[in-house]
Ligand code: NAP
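Below sits a lone chain in C-alpha cells, taken as the form predicted alone.
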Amino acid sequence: MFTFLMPTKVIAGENAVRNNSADLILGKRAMIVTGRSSAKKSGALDDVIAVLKDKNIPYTIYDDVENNPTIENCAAGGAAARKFSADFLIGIGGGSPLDAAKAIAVYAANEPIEGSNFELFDIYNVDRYPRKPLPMAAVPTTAGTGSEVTPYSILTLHKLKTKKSFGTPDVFYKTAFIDGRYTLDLPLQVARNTAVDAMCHLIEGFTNKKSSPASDFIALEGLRIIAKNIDSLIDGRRTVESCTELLWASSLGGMVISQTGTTIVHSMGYQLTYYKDIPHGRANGLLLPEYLKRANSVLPEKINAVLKALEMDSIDELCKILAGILPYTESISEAEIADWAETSIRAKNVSTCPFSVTLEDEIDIYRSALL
C-alpha cells in the first residue's frame, strides 16, 4: 500500500506566466517574495508584474529573502504581508525564496505571539496555527530544489547551528510555472550545483525506505531527463529547451521527495552549507559518491537502475563527472567533521536511509568524501 499526493498544478513551457495569467492570480492583493537579484535578472519578475498590472492586482515586493533564510527573516516577511493585507503570495527565485515563501505564508495568516516565532518545526497543528497559510504560486529561477512542488521549507536555525525543514500539505504551491528562459543565463556553476541537487533528490528518493512504485517511476524519468541534458552542464552550451527540461527534472525530483523525503546526503550536506557556505547542491554532490557506494551494498538492483537511467556504466563514471563539475577547494579538519556528524546523525532522514547509519559511519563518509 502507498499514497501519492501532488496537489500543485504545473505549467511548463516558454511564456508560461504570461500565457496562463489566470493561474497566477490567487486572490485580490499579492505579495511577491524573492531575493535581491535573481528574479530581476531572469526576467521572471517583469513577467509576473506585467500580469498583475494587466489584471489590476495591487502588489508589493518582499525582496529581503536571505541566501539561507532564517525563521526571523520569514517572520519579517509575514509581518510585511499582513501590513499590506496580502491574500496570496508569489514566490520567485531559487530554493531560498521559494522555501521562505512557504514560511511567510504561515506567518502572514498567523501573527506570532509576542516574543515567539511559533515552532514551525513541529508537525503541523491547527490548534497552534488556527488559520491556513496564504495560497501561493511559484516561479522557479533555478533547476534544483523542486520546492515549487514540495510541502517542505528548509530554513536556517542559528540556535541549532544547522538547517532544518518543516512541512505541511498546506504549503504546497497551488500553481508552478516552469520556463527555461529564466535559467538560461544562470552562471554555469550555479546551473551545475542546482542540477546536482535535483539529481540527489531523484536518487535519494529512489533509494529511500519510503519509496513506492509511483515515486520510483518518476525518479527514473527525472534521471533520464538529466542524462539527456548532462552535456549542457559539462560544456555550458544551454538552450531554452534544455533549461526547461532540467527545470522539469527538478520538479520531478521535488515530486519524489514529497512522497519519500531525503536521506543522509541532505542532512550531512546542511553542515557544509552552514559552516563552510558551500552551496546546497554542491554540498550534496560532494557526499553523493560515498552514499552511492554504500547504497549499492544493500540495493544493487536500484543502483544499477540509477546508472542505466543516467546512461552510465558504473558509479566511478558518475563520480568522475561529479568531480569534473563540482569544484572542491575547502579546507576541513577532523574536529569539524566530528562536530558536524554529532548534529547530522540526529536528523530524521537517518531512519529512512537504505543502509544502517551510525555516528561512526557518518564520520567515515565525511572523511572519505572531503579529506
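A residue's number is simply how far along the shown sequence it sits, counting from 1. Quick caveat, the model's predicted, so the values are computed rather than measured.
Just so it is clear, the following notes concern the form predicted in complex with the ligand, a form of the same protein that is not shown.
The partner is absent here, but in the predicted complex a heavy atom of 257, alone among 219, 137, 283, 257, sits within 4.5 Å of the ligand. Proximity to the ligand in the predicted complex, defined as a heavy atom within 4.5 Å, holds among 187, 130, 213, 169 only for 187. Residue 344 falls outside the set of residues with a heavy atom inside 4.5 Å of the ligand in the predicted complex. Interface membership of residue 274, defined by any non-hydrogen atom within 4.5 Å of the ligand in the predicted complex, is ruled out. Taking the partner from the other structure, the ligand in the predicted complex has a heavy atom within 4.5 Å of a heavy atom of residue 37.
Put simply, residue 99 is close to the ligand in the predicted complex: some heavy atom of it is within 4.5 Å. Only one of 300 to 308, 28 to 36, 54 to 62, 330 to 338 lies within 4.5 Å of the ligand in the predicted complex by heavy atoms, and it is 28 to 36.
Along 134 to 149, residues 141, 142, 145, 147 each place a heavy atom within 4.5 Å of the ligand in the predicted complex.
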